[in-house]
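Next comes just one chain, in structure tokens: the form predicted alone.
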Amino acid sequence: MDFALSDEQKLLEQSLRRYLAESVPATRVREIMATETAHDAKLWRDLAELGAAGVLVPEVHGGSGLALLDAALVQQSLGHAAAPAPFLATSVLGPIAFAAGTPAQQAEWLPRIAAAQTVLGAAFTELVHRRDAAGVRESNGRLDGTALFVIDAGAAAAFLVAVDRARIALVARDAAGLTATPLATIDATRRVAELRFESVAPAEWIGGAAGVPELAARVLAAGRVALAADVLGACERAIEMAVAYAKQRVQFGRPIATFQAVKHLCAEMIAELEPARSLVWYAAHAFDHRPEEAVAMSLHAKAHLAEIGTQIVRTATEVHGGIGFTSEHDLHLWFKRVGLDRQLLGGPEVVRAEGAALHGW
């Protein structure tokens, strides 16, 4: 049995990385993240032309009809470039949610996702960890409450709002009674927001008003695998930058890469990351091919990558010395990206507690 990526998957990854390296260098990332929404419509259209935006959208609706492993490779490439793109909410969480939707919902939204004609935000935080009195409640068909850390909210035209494990509402950004307030985080490449609902009427309910059993759990599992893949890509880039810097930084008349202590730091980063690669890829594979393992593997991948990712970008920063901890240095784009990935859809402590409960521990 071949456990490696297929030729098609390798080609997808290579094409994306080549495009991102040429079109979205760190200078362009900084330009995009300095805008109000941190969204570049051209970048989003280009990703659609490369097949990335519609990677999980069935072919009948204009997408590629691929699996979560393919979407994870896209997210890994985006993390490697620190690319400001609303891929997580729109192209991962969106298609997984709409897969349980009505034929009319699929026909309306999936082609728009595949063609990069819309951007979705995702409000799922309160299903994972609730702060204070936050949370969205439904009464007589209307929504009230607060959703925090809504993913990809900057340019979102509509939001997927998880009310409970079965019901996900689709709410237009301009819906009466809805207020979206941007939230500042350490990662400016992606925008999150707080949504306040005051008797808001959803545009529709995914799959109908009664919902679909455990739909939110499946969407959360896909999102956590994608976040783990984003950390994987970001750590790859951080290691590359640390090794390159060590080779050219001269101290005491020789490159610091020749110092045993620096060699050990770089080797330890690689040794931590390589097993994690297999974990992320298997978690993505399990989502489509081993459904009984899907949720557990997403939790393991999210928690482990959050912790080793934090250590890797910290070590890469140390290799860079004092300059590594300045926001002006490009490495900090990836340092901060991993920091936000660690917390979205549950930090490692929260996710591990959920995993323990899942196993009855």
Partner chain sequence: MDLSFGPEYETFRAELRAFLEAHRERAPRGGIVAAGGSKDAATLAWQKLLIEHGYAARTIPKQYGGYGAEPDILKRVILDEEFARAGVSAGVGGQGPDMLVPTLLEHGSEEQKQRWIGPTIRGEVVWCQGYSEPNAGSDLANVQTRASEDGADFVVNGQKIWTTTAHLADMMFGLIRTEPNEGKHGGLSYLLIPMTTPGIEVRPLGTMTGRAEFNEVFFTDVRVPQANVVGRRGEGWKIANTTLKHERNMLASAGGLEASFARLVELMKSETRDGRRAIDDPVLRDRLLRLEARVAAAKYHSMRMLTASLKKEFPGVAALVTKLSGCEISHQIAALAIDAMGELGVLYDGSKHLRAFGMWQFQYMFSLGLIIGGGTAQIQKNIIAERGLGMPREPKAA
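Residue numbers count along the first chain shown, from 1. Small disclaimer: the values here were computed from a predicted structure and weren't measured.
The same protein has a further form, the form predicted together with the partner chain, not shown here; the description that follows concerns it.
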property: Heavy atom of R45 within 4.5 Å of the partner chain in the predicted bound form; result: no
property: 4.5 angstroms heavy atom contact with the partner chain in the predicted bound form for L279; result: yes
property: Non-hydrogen atom contact Q260 with the partner chain in the predicted bound form at 4.5 angstroms; result: yes
property: Proximity of G324 to the partner chain in the predicted bound form, heavy atoms at 4.5 Å; result: yes
property: Partner-contacting position among L183, A176, A203, A104 - heavy atom within 4.5 Å of the partner chain in the predicted bound form; result: L183
property: In the predicted bound form, the residue from V243, A217, V212, A157 that sits within 4.5 Å of the partner chain by heavy atoms; result: V243
property: Among 109-117, 72-80, 261-269, 95-103, the region lying within 4.5 Å of the partner chain in the predicted bound form by heavy atom distance; result: 261-269
property: Contact set, 306-324 vs the partner chain in the predicted bound form - heavy atom within 4.5 angstroms; result: E307, I308, T310, R314, T317, E318, G321, G322, I323, G324
property: CA-CA separation of R165 and A294, closer or farther in the predicted bound form than in the form shown [shift of 3 angstroms or more]; result: farther
